[in-house]
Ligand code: PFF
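Below you'll find only one chain, the form predicted alone, shown as structure tokens.
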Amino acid sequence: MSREQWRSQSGFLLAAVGSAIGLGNIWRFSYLAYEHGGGAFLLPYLIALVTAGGPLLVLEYAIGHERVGSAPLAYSKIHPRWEWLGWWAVTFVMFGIVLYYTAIMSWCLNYFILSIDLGWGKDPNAYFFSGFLEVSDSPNQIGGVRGKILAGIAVAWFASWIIVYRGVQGGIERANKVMMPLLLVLTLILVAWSASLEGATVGLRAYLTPDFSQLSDPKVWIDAYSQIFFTLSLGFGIMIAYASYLPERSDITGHAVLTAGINSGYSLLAGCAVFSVLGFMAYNQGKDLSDVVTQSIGLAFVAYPTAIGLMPAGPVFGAVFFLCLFVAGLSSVISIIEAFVSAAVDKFGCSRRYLVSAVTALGFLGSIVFSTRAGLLWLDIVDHFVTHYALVVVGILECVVVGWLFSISSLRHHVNRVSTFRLARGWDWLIRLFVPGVLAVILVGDLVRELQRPYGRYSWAALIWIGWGWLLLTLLLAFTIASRPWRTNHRALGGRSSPEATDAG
């Protein structure tokens, strides 16, 4: 069975960038920069990019390209015992992150419509939590389904289904050739418009002015490495699958440099728009900037609607902003669905179109819980456990499996044979020791902190049966799928490297 390929190298690059650029680039990066010393945060961020993000991105591109397969197939070719690792990555991302990501996309779609007449009223904070979400008191109180949110989730899943159903070339590649330029144009409009507002310089100054005294705080460095790891979609299985569709002669390191550079550049650009608006709010309301800065979700759905209500032609600005968020979310969601679909097709040889339809239908059903009154609370718990534990564990094991149980020098030779920028021997040791060491520090730090006080002040029962339960369920599913026999000959085909690139297990 022949493997589909990208029509062009640019198509692959746009798809990879589309996966990397998501909602967090627009609101999480800029908030972290503000919180951790403004422009000074760029130093640990760039160091994290060079020493961890870039090397790990090259590794995932190399695994997919050299082993010619999705994450489960690639790990199975390295050693059959590790096939489950690839399945766990694509499973908890597909039936974890995507389920709540489509809920956030629904919020964006609803707020895109609300922007027309500023439907959130004079108190965006009260509207978002009490009027729009009607957040319940605890995760145990599921409450009723919010119709508008469920409708938006259905639209998000339907749009994703249309794109992934059409395949790599006709769907994902073509869609990203439209979505990525559109996202850039929308973001440039936001930046130009925001910078022209009164008080914008106040926000930009806070965002970009370095406070180097904060660099002595270990949390700054941990957050920088965490942001790089998550923003590049590392540990998702996506980059492995995408690289497997590349032709044999492909510039692996060049693509990695461009993907990481464009992703980080977009974060910086989006941050300028975010903090220009916050500076405008501070100026207009006579407050300090710290009084209008709201972390994460609140930044997009509370602070921004407040600003939109104050600025001239605010409804138009709001429509552009929330459309921008929706497009960023869609480009990420389709990449995650593709990572899972690619893995299932590789193993079972089933009809791609039938599988896409089945997976998106199941995904929609799974997303319903995030449209309930307890949806925000479930989202918070699931997101925390998936991103802080599952992804970090996968990242550590990925480095161990490839760095110590596989001939990583042969993988480096493969990359150097097809790439413009050659990897030095130091890359081997970054993968073997430094990157897993950093991820282990993040993992242990989170565990110690949460043993002292339960995350988000939720009950231990809720954290165990929603958070840990979600991870254990997806892990069990991963082992179950990995135990099934292969119905294709993909695993027997090996990789593209010379014969010495065999498993060492």
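Heads up: residue numbers just count along the shown sequence, starting at 1. Note that this is a predicted model, so its numbers are computed, not measured.
One more form of this protein exists, namely the form predicted together with the named molecule; it is left out here, but the text below deals with it.
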query: in the predicted complex, do Ser160, Thr360 and Gly363 all reach within 4.5 Å of the named molecule through at least one heavy atom apiece?
result: no
Exactly one of Ser367, Thr372, Thr231, Thr253 comes within 4.5 Å of the named molecule in the predicted complex through a heavy atom, and that residue is Thr231
None of Leu377, Ile97, Leu197, Val402 but one has a heavy atom within 4.5 Å of the named molecule in the predicted complex; the exception is Ile97
For the named molecule in the predicted complex, the stretch among 334-342, 80-88, 208-216, 126-134 with residues bearing a heavy atom within 4.5 Å is 334-342
**Close approach of Phe236 to the named molecule in the predicted complex, 4.5 Å, heavy atom** = yes
Quick one: does Tyr101 come within 4.5 Å of the named molecule in the predicted complex, counting heavy atoms only?
yes
Although the partner isn't part of this model, could you tell me whether Leu23 comes within 4.5 Å of the named molecule in the predicted complex, counting any heavy atom of the residue? yes
message: Under a 4.5 Å heavy atom criterion, is Ile240 part of the interface with the named molecule in the predicted complex?
response: no
Contact check, 440-478 vs the named molecule in the predicted complex, heavy atom within 4.5 Å, ordered by sequence, gives none
